[in-house]
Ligand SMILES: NC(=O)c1ccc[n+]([C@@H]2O[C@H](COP(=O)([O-])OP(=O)(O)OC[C@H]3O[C@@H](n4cnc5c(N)ncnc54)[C@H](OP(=O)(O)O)[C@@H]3O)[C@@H](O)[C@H]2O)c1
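Just the one chain here, laid out as C-alpha coordinates, in the form predicted alone.
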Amino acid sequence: MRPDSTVTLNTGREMPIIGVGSWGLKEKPAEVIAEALRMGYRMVDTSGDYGTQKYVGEGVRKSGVPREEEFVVTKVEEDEDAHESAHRQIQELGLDPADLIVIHRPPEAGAGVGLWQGLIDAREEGLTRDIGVSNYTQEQIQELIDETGVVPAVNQIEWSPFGYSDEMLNFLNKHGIILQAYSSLTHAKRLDDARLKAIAAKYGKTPAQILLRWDIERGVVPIFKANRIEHLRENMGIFDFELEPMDVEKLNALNEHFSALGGKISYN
(Lines give C-alpha, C1' and ligand atoms only; values in the text may rest on other atoms or scores of the structure.)
Protein backbone atom coordinates (compact mmCIF):
# COMPACT_ATOMS: atom_id res chain seq x y z
CA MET A 1 0.00 0.00 0.00
CA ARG A 2 1.01 3.58 -0.72
CA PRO A 3 -0.42 6.98 0.23
CA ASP A 4 -2.22 7.12 -3.12
CA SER A 5 -3.72 3.64 -2.76
CA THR A 6 -7.50 3.33 -2.93
CA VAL A 7 -10.36 1.04 -2.00
CA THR A 8 -13.16 0.24 -4.43
CA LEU A 9 -16.66 1.31 -3.43
CA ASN A 10 -19.68 -0.82 -4.25
CA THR A 11 -20.48 1.65 -7.05
CA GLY A 12 -17.17 0.84 -8.73
CA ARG A 13 -15.57 4.19 -7.90
CA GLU A 14 -12.30 4.50 -6.00
CA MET A 15 -11.82 6.14 -2.59
CA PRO A 16 -8.47 6.95 -0.92
CA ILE A 17 -7.45 4.63 1.92
CA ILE A 18 -6.80 7.48 4.37
CA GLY A 19 -8.32 10.91 4.92
CA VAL A 20 -7.96 14.13 6.88
CA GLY A 21 -10.85 15.30 9.05
CA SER A 22 -11.74 18.94 9.67
CA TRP A 23 -13.82 18.77 12.85
CA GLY A 24 -12.40 21.18 15.40
CA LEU A 25 -9.83 22.51 12.91
CA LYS A 26 -9.35 26.07 14.17
CA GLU A 27 -5.93 27.42 13.22
CA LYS A 28 -5.59 28.38 9.56
CA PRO A 29 -7.87 25.52 8.43
CA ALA A 30 -7.64 26.32 4.71
CA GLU A 31 -3.85 26.29 4.85
CA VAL A 32 -3.80 23.00 6.78
CA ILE A 33 -6.09 21.36 4.22
CA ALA A 34 -4.09 22.72 1.28
CA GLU A 35 -0.82 21.49 2.79
CA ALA A 36 -2.30 18.06 3.53
CA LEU A 37 -3.28 17.69 -0.12
CA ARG A 38 0.14 18.86 -1.31
CA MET A 39 1.68 16.33 1.06
CA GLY A 40 -0.14 13.48 -0.63
CA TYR A 41 -3.41 13.10 1.22
CA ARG A 42 -6.30 12.91 -1.19
CA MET A 43 -9.42 12.73 1.00
CA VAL A 44 -10.87 15.48 3.22
CA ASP A 45 -13.88 15.03 5.50
CA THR A 46 -16.14 17.89 6.56
CA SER A 47 -19.74 18.73 7.49
CA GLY A 48 -22.03 21.73 7.53
CA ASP A 49 -22.18 21.68 11.31
CA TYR A 50 -18.37 21.66 11.67
CA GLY A 51 -18.14 25.22 10.40
CA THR A 52 -15.22 24.23 8.19
CA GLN A 53 -16.78 23.68 4.77
CA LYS A 54 -15.82 27.10 3.45
CA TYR A 55 -12.20 26.48 4.48
CA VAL A 56 -12.13 22.96 3.08
CA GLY A 57 -13.28 24.27 -0.28
CA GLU A 58 -10.71 27.06 -0.11
CA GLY A 59 -7.95 24.62 0.82
CA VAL A 60 -8.87 22.28 -2.03
CA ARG A 61 -8.66 25.14 -4.51
CA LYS A 62 -5.40 26.47 -3.05
CA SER A 63 -3.64 23.11 -2.99
CA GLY A 64 -2.81 22.99 -6.67
CA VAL A 65 -3.88 19.34 -6.74
CA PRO A 66 -6.23 18.56 -9.65
CA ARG A 67 -9.81 18.30 -8.42
CA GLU A 68 -10.24 14.89 -10.06
CA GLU A 69 -7.51 13.52 -7.77
CA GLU A 70 -9.26 14.73 -4.61
CA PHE A 71 -12.07 13.10 -2.65
CA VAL A 72 -14.27 15.42 -0.58
CA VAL A 73 -16.74 14.03 1.95
CA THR A 74 -19.51 16.07 3.56
CA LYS A 75 -22.70 15.37 5.51
CA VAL A 76 -26.38 16.21 5.88
CA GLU A 77 -28.02 16.30 9.30
CA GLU A 78 -30.80 14.04 10.53
CA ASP A 79 -33.31 16.90 10.96
CA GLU A 80 -32.84 18.35 7.45
CA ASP A 81 -34.32 17.79 4.04
CA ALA A 82 -31.39 15.80 2.67
CA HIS A 83 -31.85 16.90 -0.93
CA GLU A 84 -32.01 20.60 -0.02
CA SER A 85 -29.12 20.20 2.40
CA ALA A 86 -26.97 18.60 -0.29
CA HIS A 87 -27.46 21.72 -2.42
CA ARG A 88 -26.40 23.88 0.53
CA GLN A 89 -23.29 21.79 1.27
CA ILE A 90 -22.15 22.15 -2.33
CA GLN A 91 -22.65 25.92 -2.20
CA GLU A 92 -20.70 26.23 1.07
CA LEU A 93 -17.84 24.12 -0.27
CA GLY A 94 -17.77 25.91 -3.59
CA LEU A 95 -17.17 22.52 -5.19
CA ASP A 96 -19.47 20.71 -7.58
CA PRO A 97 -20.03 17.84 -7.17
CA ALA A 98 -19.01 16.37 -3.81
CA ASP A 99 -17.43 12.94 -3.98
CA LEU A 100 -19.43 11.53 -1.06
CA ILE A 101 -22.31 12.85 1.03
CA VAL A 102 -23.45 10.89 4.08
CA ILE A 103 -26.27 11.17 6.61
CA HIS A 104 -24.43 12.39 9.71
CA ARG A 105 -26.47 10.27 12.11
CA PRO A 106 -29.79 8.44 12.01
CA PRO A 107 -32.90 10.25 13.25
CA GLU A 108 -34.31 9.34 16.67
CA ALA A 109 -37.07 7.21 15.15
CA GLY A 110 -36.20 4.67 12.47
CA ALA A 111 -33.44 4.66 9.92
CA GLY A 112 -34.47 7.80 8.06
CA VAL A 113 -35.65 6.26 4.79
CA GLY A 114 -36.88 9.69 3.67
CA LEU A 115 -33.44 11.14 4.33
CA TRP A 116 -31.84 8.34 2.36
CA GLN A 117 -34.22 8.90 -0.55
CA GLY A 118 -33.23 12.57 -0.50
CA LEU A 119 -29.57 11.59 -0.90
CA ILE A 120 -30.47 9.16 -3.67
CA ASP A 121 -32.18 12.07 -5.46
CA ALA A 122 -29.12 14.28 -4.84
CA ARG A 123 -26.88 11.66 -6.42
CA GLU A 124 -29.18 11.30 -9.41
CA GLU A 125 -29.13 15.08 -9.82
CA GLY A 126 -25.33 15.02 -9.89
CA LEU A 127 -24.72 16.84 -6.59
CA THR A 128 -22.52 13.98 -5.37
CA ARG A 129 -20.89 10.95 -6.89
CA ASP A 130 -21.58 8.60 -3.97
CA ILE A 131 -23.75 8.49 -0.86
CA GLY A 132 -23.44 6.82 2.51
CA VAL A 133 -24.31 6.93 6.19
CA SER A 134 -22.60 7.65 9.50
CA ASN A 135 -23.23 6.26 12.98
CA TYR A 136 -25.70 3.70 11.64
CA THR A 137 -26.35 0.25 13.13
CA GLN A 138 -26.58 -2.91 11.07
CA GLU A 139 -30.36 -2.96 11.45
CA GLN A 140 -30.72 0.64 10.29
CA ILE A 141 -28.56 0.04 7.23
CA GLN A 142 -30.56 -3.07 6.38
CA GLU A 143 -33.78 -1.06 6.61
CA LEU A 144 -32.46 1.49 4.09
CA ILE A 145 -31.47 -1.30 1.71
CA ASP A 146 -34.78 -3.13 2.10
CA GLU A 147 -36.86 0.01 1.56
CA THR A 148 -34.96 1.55 -1.36
CA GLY A 149 -32.77 -1.15 -2.86
CA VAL A 150 -29.79 1.26 -2.63
CA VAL A 151 -26.79 0.14 -0.58
CA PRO A 152 -24.71 2.85 1.14
CA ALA A 153 -21.15 3.17 -0.12
CA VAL A 154 -19.80 3.74 3.40
CA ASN A 155 -20.73 3.71 7.06
CA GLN A 156 -18.62 6.24 8.97
CA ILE A 157 -18.34 5.24 12.65
CA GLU A 158 -16.04 5.63 15.62
CA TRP A 159 -13.41 2.90 15.45
CA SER A 160 -10.07 2.05 17.02
CA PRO A 161 -8.48 -1.03 18.62
CA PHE A 162 -9.92 0.25 21.91
CA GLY A 163 -13.46 0.29 20.56
CA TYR A 164 -14.65 -1.75 17.59
CA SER A 165 -16.99 -4.56 16.49
CA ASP A 166 -16.04 -7.49 14.27
CA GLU A 167 -19.74 -8.18 13.81
CA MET A 168 -20.26 -4.72 12.31
CA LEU A 169 -17.20 -5.04 10.06
CA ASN A 170 -18.36 -8.45 8.82
CA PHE A 171 -21.83 -7.07 8.07
CA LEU A 172 -20.41 -4.15 6.09
CA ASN A 173 -18.01 -6.41 4.19
CA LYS A 174 -20.91 -8.70 3.28
CA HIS A 175 -22.73 -5.76 1.66
CA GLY A 176 -19.62 -4.23 0.08
CA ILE A 177 -19.86 -1.18 2.36
CA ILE A 178 -16.58 0.48 3.32
CA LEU A 179 -16.06 1.27 6.99
CA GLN A 180 -14.74 4.80 7.41
CA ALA A 181 -13.26 5.23 10.89
CA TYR A 182 -13.45 8.51 12.75
CA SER A 183 -11.71 9.21 16.06
CA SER A 184 -9.12 6.70 14.84
CA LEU A 185 -6.54 8.21 17.17
CA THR A 186 -8.91 8.19 20.19
CA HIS A 187 -8.61 11.99 20.49
CA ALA A 188 -5.16 11.15 21.94
CA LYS A 189 -6.84 9.64 25.03
CA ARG A 190 -5.24 6.21 24.53
CA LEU A 191 -1.95 7.12 22.86
CA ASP A 192 -0.09 6.64 26.13
CA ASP A 193 -1.40 3.11 26.69
CA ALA A 194 1.62 1.02 27.68
CA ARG A 195 0.63 -1.93 25.47
CA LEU A 196 0.25 0.31 22.43
CA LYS A 197 3.52 2.10 23.16
CA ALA A 198 5.36 -1.23 23.41
CA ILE A 199 4.16 -2.26 19.94
CA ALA A 200 5.07 1.16 18.55
CA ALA A 201 8.59 0.91 20.01
CA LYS A 202 9.07 -2.48 18.34
CA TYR A 203 8.54 -0.94 14.89
CA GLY A 204 10.19 2.39 15.61
CA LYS A 205 6.85 4.09 15.05
CA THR A 206 4.55 6.34 17.06
CA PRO A 207 1.37 5.05 18.75
CA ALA A 208 -0.68 7.09 16.27
CA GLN A 209 1.03 5.41 13.31
CA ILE A 210 0.30 1.97 14.79
CA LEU A 211 -3.39 2.80 15.22
CA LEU A 212 -3.70 3.98 11.62
CA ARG A 213 -1.79 0.99 10.28
CA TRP A 214 -4.10 -1.37 12.20
CA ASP A 215 -7.04 0.27 10.40
CA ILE A 216 -5.78 -0.06 6.87
CA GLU A 217 -4.59 -3.64 7.38
CA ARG A 218 -8.18 -4.54 8.34
CA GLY A 219 -9.61 -2.86 5.24
CA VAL A 220 -10.85 0.12 7.28
CA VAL A 221 -10.38 3.67 5.98
CA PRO A 222 -9.25 6.00 8.78
CA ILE A 223 -10.06 9.70 8.97
CA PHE A 224 -8.16 11.74 11.51
CA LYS A 225 -7.76 15.38 12.46
CA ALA A 226 -4.32 16.97 12.57
CA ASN A 227 -4.02 20.63 13.54
CA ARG A 228 -0.27 20.68 13.04
CA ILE A 229 1.69 20.05 9.85
CA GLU A 230 4.17 17.81 11.70
CA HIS A 231 1.31 15.51 12.69
CA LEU A 232 0.20 15.30 9.07
CA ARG A 233 3.73 14.25 8.12
CA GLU A 234 3.89 11.76 10.99
CA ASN A 235 0.63 10.12 9.99
CA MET A 236 1.93 9.61 6.46
CA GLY A 237 4.54 7.25 7.88
CA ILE A 238 2.32 4.19 7.89
CA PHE A 239 3.11 2.80 4.46
CA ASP A 240 6.65 1.50 4.95
CA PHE A 241 5.94 -1.34 7.38
CA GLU A 242 3.47 -4.13 8.12
CA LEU A 243 2.22 -5.34 11.48
CA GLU A 244 3.10 -8.92 12.34
CA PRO A 245 0.06 -11.17 12.97
CA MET A 246 0.92 -11.48 16.66
CA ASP A 247 0.87 -7.70 17.02
CA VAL A 248 -2.44 -7.42 15.18
CA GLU A 249 -3.84 -9.88 17.72
CA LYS A 250 -2.43 -7.82 20.58
CA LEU A 251 -4.12 -4.74 19.17
CA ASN A 252 -7.37 -6.62 18.66
CA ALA A 253 -7.25 -7.59 22.33
CA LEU A 254 -7.32 -3.93 23.41
CA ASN A 255 -11.05 -3.70 22.67
CA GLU A 256 -12.98 -2.31 25.62
CA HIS A 257 -15.74 -0.60 23.60
CA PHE A 258 -14.08 2.70 24.46
CA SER A 259 -15.50 5.87 22.95
CA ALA A 260 -13.37 8.99 22.75
CA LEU A 261 -16.65 10.92 22.88
CA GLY A 262 -17.54 9.48 26.29
CA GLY A 263 -19.10 6.27 27.54
CA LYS A 264 -19.02 3.01 25.63
CA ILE A 265 -19.47 2.40 21.92
CA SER A 266 -22.52 0.39 20.88
CA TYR A 267 -23.01 -0.68 17.29
CA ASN A 268 -26.49 -2.12 17.88
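Just so you know, these numbers come straight off a predicted model, no measurement behind them. In this text, residue numbers run from 1 along the sequence as written.
The protein also exists as the form predicted in complex with this ligand; that form is not presented, and the subsequent description refers to it.
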{"query": "Contact label in the predicted complex: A198 to this ligand, heavy atom within 4.5 Å", "finding": "no"}
{"query": "Interface membership of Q53, this ligand in the predicted complex, 4.5 Å heavy atom rule", "finding": "no"}
{"query": "Proximity of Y182 to this ligand in the predicted complex, heavy atoms at 4.5 Å", "finding": "yes"}
{"query": "4.5 Å heavy atom contact, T74 and this ligand in the predicted complex", "finding": "no"}
{"query": "Candidate site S134, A208 and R228: all three near this ligand in the predicted complex by heavy atom within 4.5 Å", "finding": "yes"}
{"query": "Candidate from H83, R123, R190, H104 lying within 4.5 Å of this ligand in the predicted complex - any heavy atom", "finding": "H104"}
{"query": "Listed residue that, although this ligand is not shown, lies within 4.5 Å of it in the predicted complex (heavy atoms), from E217, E35, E234, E58", "finding": "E234"}
{"query": "Per-stretch contact check against this ligand in the predicted complex, the hit in 134-142, 93-101, 114-122, 165-173 (non-hydrogen atom, 4.5 angstroms)", "finding": "134-142"}
